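Quick setup: the structure tokens below cover two forms of a single protein chain, split into structure 1 and structure 2.
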Structure 1
Amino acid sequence: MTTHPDSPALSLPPELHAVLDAALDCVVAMGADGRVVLFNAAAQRTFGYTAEQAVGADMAELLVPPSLRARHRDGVARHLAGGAPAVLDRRIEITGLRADGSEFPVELTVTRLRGAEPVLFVAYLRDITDRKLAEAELKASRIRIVEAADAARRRIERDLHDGAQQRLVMLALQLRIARGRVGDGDESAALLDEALAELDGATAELRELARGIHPAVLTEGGLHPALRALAARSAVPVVLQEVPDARFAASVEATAYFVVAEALTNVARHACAERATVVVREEAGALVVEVRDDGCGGAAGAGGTGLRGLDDRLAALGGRLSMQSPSGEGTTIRAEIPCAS
């Protein structure tokens, strides 16, 4: 960069140029007329212009994508006319334009150099393409983990259903046939009766376990029947006040289901409640799930793994979980699950 007298470049001592060129961030300065007066080495690398090409050019034409130019120019004009500085001295994320026409995400802060005459704006920018990609990849992988876990649960339920559960039915069948061949007086009769009773218990337990892992009716019939079944099984009476009949993405339905399941388990275990109320409704692109109880409240929220697990699941899907639990006034769990339906 030169400091030729009739060049539009900012006149700076060479040491200062060296300092700016050593920076990792792009440093770009422009005057009140919108022309570039400083374009450091990082800016040259990032945007693909030499200093000679950049200095003197219109900053907006050069670095701002066409769709954002009008807004940019308005902002500068408004600021120079004495308006509030909308973008100054804050970190903002915006799209930049390279020499080859490609656009990329940048983070930047712009400052107006105090006391500089004529007016001088300095922008510090960095290319955040990699970070954005990493963020997107992280988000996608968290969603994939939740989905993989759900798929695994579905598979386990299916395997139990087709495997162990069927075998137990077979076993009961055989035991009963054996029992039929043994007279009531026989000493094996009592043993077989005991075995059958034990088997009944095991069958029932396995059934509840399998449906707790992933209820088949959720996949087949959606939230409404699945939540009805959950309500019917709850130790504390449950009123299903509102549940949509519509179907949602599998991960959304599973999340809503597990929120209600954990909340109802908590109500039965911790709340001393008479009644719980469940409301599920679609609101502004999210499925909102609320479980209220009329119990003791005062939940600290930390400690257990139940709510923590739900919190993680919701965060992975870009949603959130909140709890209100004033002492003596019951507890409300609320989950917002993004759902583009």
Structure 2
Amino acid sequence: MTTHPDSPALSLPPELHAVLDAALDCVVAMGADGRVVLFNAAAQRTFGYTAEQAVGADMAELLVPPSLRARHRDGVARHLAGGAPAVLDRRIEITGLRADGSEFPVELTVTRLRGAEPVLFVAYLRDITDRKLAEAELKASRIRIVEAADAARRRIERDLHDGAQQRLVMLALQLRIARGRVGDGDESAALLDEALAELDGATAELRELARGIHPAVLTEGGLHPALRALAARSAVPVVLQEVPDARFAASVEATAYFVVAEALTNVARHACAERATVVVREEAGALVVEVRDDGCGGAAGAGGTGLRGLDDRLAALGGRLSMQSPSGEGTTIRAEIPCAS
């Protein structure tokens, strides 16, 4: 690294130098010519340069990755020419460059010292590598929790379908055989008919419960057939305006399905609507799900437990849930679920 003995460092009282060197965050000052005039001890530890190496060097060449240098220089030039500052006095996250050529995430705030002559910019930087790693691990763990819950749902649905539901079907078959051997005048016939009716009701309830836990058609066929079946069961007429035939990750498909299911349940219960419309499409790396109705509107936020649960699920996948419900103009529920591979 070339030193710059002719480039003056910022002249500060020794006490202030001591304070800056005791700071945990990096403090780097730059003049209007783009050269470093102050490089505190934290900056030396973080970036891997000594103060002697850094002071006088072009800051863009020293600390800014090549892909960001043109933008950095253009921003400084625009500000010095009187343009509105784009970065000054804002906390942003950006990428820094170490002496060994490695890039790392930093949190940055830049300010221009008022009244300083010559012009002086001071940057406060913090290495946020550990925070980013922790955030990534938290996001990954939340996704694992959602996926584990969906896998458990699928297992329960299969157990109900292959176990209890099949046993009820076999029992119904045996009761029908017994009923066929009993004449209509026999007093046992009425009891068998009642038992068959109760058994049919229990089987239907169990089938509906299994479908609510996790619909088998979603696992086997994907969103299109699953939403088609959901629309067919809806108490309010539903138009599937647009639904892709493509398959997505199981967690994405399950989230999209339950967004539509919850929204249609709310339409039937609260909207006084004559029709609902469902649109599912890929858009900029996300699966966008919209459920619109022509009801009374005026819904007061996503306050129900169902929508709150969906909001949590979407947040775990990096998505978001929103609702628009102007009074008298119906309600639109919109979910954006990241689905890029």
Partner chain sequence: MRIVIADDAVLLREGAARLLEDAGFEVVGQAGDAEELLRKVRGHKPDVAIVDIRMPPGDGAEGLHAALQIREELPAVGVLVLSQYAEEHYVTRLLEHGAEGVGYLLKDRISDVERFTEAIRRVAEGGSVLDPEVVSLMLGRKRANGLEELTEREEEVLGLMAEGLTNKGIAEQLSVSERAVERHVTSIFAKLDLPAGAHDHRRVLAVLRYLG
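Between two forms, the rigid core is defined as the largest C-alpha subset superposing within 1.5 Å. Start at 1 and count along the sequence of structure 1; that gives the residue numbers used here. As the structure is a prediction and not an experimental result, all values here were calculated from the model.
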query: Structure identified as the form predicted in complex with the partner chain; finding: 1
query: Rigid hinge motion between the two structures - rotation in whole degrees; finding: 14
query: Rigid-core-fitted C-alpha displacement of R126 between the two structures (angstrom); finding: 3.9
query: Angstrom shift of the Cα atom of E61 between the two structures (superposition on rigid core); finding: 7.9
